[in-house]
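Single chain ahead, by itself, as structure tokens, in the form predicted alone.
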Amino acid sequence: MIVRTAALTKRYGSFAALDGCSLDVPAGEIFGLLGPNGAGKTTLLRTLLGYLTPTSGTGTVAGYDCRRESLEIRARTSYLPGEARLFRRMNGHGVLDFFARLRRECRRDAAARVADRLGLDCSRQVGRMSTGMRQKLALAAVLATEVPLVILDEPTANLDPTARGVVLDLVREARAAGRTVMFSSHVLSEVEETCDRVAIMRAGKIAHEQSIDDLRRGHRIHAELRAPFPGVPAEFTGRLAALPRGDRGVVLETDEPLAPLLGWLATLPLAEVRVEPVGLQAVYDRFHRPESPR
């Protein structure tokens, strides 16, 4: 595991920004962190990098302890913070030159290619760039740095849809090159499209963790019947969740193969049936419905 935490906790007085967080991230995958603002995503990332000192628990990156060996961790990590600060009086070329000189792992030619793919004019002064342009410039420096782990905090924030797509392509290319990518996001569709595994955070805890392959095996079935729903047969107990909708409607959810279930459904007096993938939105809503406390 390139990233491992065990009961990692960060407290500010009585408030737990990170509360007993245990997580394993295998090398060579794209790992997504989801959750609303205040869920603990940024605190987790900054604690792993040693910018915050944990109150208790442990965290390691590439075998190095985040409390005692943070410099070793940062040498092996490229990090995009949620609000990157860049030199406003420099132009884009100057910023990329600076980072290439600062870290030998940052390839200046690769940074130029990333900036070009993102449609960024590097001749413009940073102080005259839009928020989205500055985000592209920071991404060019981060994604051009050849290290084992790339950590991106909201990498597509402030970007237009075309640039978002390019960033996700670059993330997949980083994985293909053997790097591990961890990124947080509020955009569920880009996480589902890109990540190998996802963790949903709530109140500083890992509320749920799941591989995207397992997620894609899940289905939801909306059925309207001509008679009352008879209930779930014994052979599907524990494999099928049923939520009645009125007297003659039911919503069924399963992670099992559909064929046996559809055979049973065909025996019911169906008026209407619709099958759809469960999707990441439905899983996320189990932990963060609109009425749930933020």
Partner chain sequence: MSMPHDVDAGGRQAGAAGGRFWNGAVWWKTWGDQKVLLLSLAALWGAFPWLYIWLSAQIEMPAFQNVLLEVIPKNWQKLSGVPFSEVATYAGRVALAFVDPVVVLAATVWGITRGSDAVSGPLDRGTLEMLLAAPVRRSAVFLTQAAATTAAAALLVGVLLASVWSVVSLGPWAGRVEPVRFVPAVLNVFGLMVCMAGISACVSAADSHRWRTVGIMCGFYVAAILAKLVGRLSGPLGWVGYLSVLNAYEPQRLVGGGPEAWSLLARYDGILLGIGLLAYAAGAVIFSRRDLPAPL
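This structure is a prediction, so every number in the text was calculated from the model and none was measured. Numbering follows the first chain given and starts at 1.
Below: the form predicted in complex with its partner chain, not depicted.
Exercise for the section: Tell me whether R85, F98 and G178, taken together, all sit within 4.5 Å of its partner chain in the predicted complex, counting heavy atoms only. Expected result: Contact check passed for all of R85, F98 and G178.
Handout entry: is_contact(R74, its partner chain) in the predicted complex, heavy atom dist at most 4.5 Å
Key = Contact with its partner chain, yes.
Exercise for the section: Find out whether any non-hydrogen atom of V147 is located within 4.5 angstroms of its partner chain in the predicted complex, and reply yes or no. Expected result: Because a heavy atom of V147 falls inside 4.5 Å of its partner chain in the predicted complex, the answer is yes.
Practice task
State yes or no: in the predicted complex, is some non-hydrogen atom of Y64 no more than 4.5 angstroms from a non-hydrogen atom of its partner chain?
Solution key: Although its partner chain is absent here, Y64 would touch it in the predicted complex, with heavy atoms inside 4.5 Å.
Handout entry: 4.5 Å heavy atom contact, M201 to its partner chain in the predicted complex
Key = M201: no contact with its partner chain in the predicted complex.
Handout entry: Proximity to its partner chain in the predicted complex (heavy atom, within 4.5 Å), stretch among 160 to 168, 193 to 201, 220 to 228, 85 to 93
Key = Comparing against its partner chain in the predicted complex, the contact stretch is 85 to 93.
Practice task
Output the sequence-ordered list of residues from 41 to 66 with at least one heavy atom within 4.5 Å of its partner chain in the predicted complex.
Solution key: Result: R46, G50, Y51, L52, T53, Y64.
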